[in-house]
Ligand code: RIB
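A single chain comes next, written as structure tokens; it is the form predicted on its own.
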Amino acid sequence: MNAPKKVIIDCDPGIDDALALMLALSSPELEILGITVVCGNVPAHMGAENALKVLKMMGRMDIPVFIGEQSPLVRTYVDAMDTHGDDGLGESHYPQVTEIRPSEGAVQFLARTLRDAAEAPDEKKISIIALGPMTNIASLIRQYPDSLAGLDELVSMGGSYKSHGNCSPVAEYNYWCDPHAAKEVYEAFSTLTGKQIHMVGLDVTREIVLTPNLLEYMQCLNPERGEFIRRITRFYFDFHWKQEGIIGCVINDPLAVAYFIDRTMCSGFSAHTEVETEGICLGQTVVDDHDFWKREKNSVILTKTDSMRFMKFFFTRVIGACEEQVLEGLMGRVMR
């Protein structure tokens, strides 16, 4: 087995962020150096508390949590607590973790860690999985542009290519929340030779739906983790039914983690992408799929995924299901 990839997870927990963290923490391919939190689904301080709750539940309180930017670069902050509940974890109201506390200075942690890796061999470089608005990363680029020399890859859950938006007709929430940050990060990658943002957007994440049957099966196989997932997603189920008529809930962020671990989980194409910062198209990702602009291809746009394969991956990692349980039980519950 290859050495684990060194990674920092930048997130805004958030229900699906919590599920993504559970997947990352259950995956031996990853060495998680730290969790940086940005304002997004919930304010940054609340997101940091939620990250600690996930770490405690998973028995991984060795991983440090850092609080980052508390407002977007330019526009007024708009949270998503209508989607994630007043505590950000589906109004599950798990008690605050007191054994360890988050630290301030997420951007400084990112800069310090990446700078340390800048002189290392390529296999020692640091990757970032960004599951929220890219305010922390844009601030990193503004303040410490030289730190990008230590960056291996950036996988971002955000944006949309052909799928409709989830907070406007054309925009996905993470990029809509701070479009100026997303724009600056994509612009920066236009100047980085050999590096592209892997955009895990709504075109693929909308395929990942946690249904009541799947949730019930999780509880049967792993009562502790299944109950945690049930409590944090109950609010999410209700929201998706009211807003989109979906029986179940779309869990966007875990797919970005799965794709980072296994690149065959999604497929797509390279293109130049820009982010709109004004008007009714605020937050839209404009993908030059026909190369009209003849500009540097700064992104890999994911367009296809296999939802069944993802669920097998999630069940074996997070729930601890064996292959036989996945094939015999999961398939049956999906089909019924």
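Don't overthink the numbering: it's just position in the shown sequence, from 1. Note that the coordinates shown come from a computational prediction; the quantities given were computed from them, not determined experimentally.
Keep in mind that the form predicted together with alpha-D-ribofuranose (RIB) is not shown, yet the notes after this line are about it.
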task = Go through 139-147, 252-260, 181-189, 209-217 and give me the stretch that gets within 4.5 Å of alpha-D-ribofuranose (RIB) in the predicted complex, heavy atoms only.
result = 252-260
4.5 Å heavy atom contact, Asn166 to alpha-D-ribofuranose (RIB) in the predicted complex = yes
inquiry  = Test of understanding: in the predicted complex, would Thr233 fall inside 4.5 Å of alpha-D-ribofuranose (RIB) by heavy atoms?
reply    = no
query = Does alpha-D-ribofuranose (RIB) get within 4.5 angstroms of any non-hydrogen atom of Leu110 in the predicted complex?
reply = no
request  = Tell me, yes or no, whether Leu89 is in contact with alpha-D-ribofuranose (RIB) in the predicted complex, where a contact means a heavy atom of each within 4.5 Å.
outcome  = no
Heavy atom within 4.5 Å of alpha-D-ribofuranose (RIB) in the predicted complex - the one residue of Val204, Met157, Ala106, Ile197 that qualifies = Met157
ask   = Which one of Phe228, Tyr173, Tyr161, Phe239 is close to alpha-D-ribofuranose (RIB) in the predicted complex, taking close to mean a heavy atom within 4.5 Å?
value = Tyr173
message = Heavy atom within 4.5 Å of alpha-D-ribofuranose (RIB) in the predicted complex: which residues of 35-68 meet that condition, in order?
response = Asn41
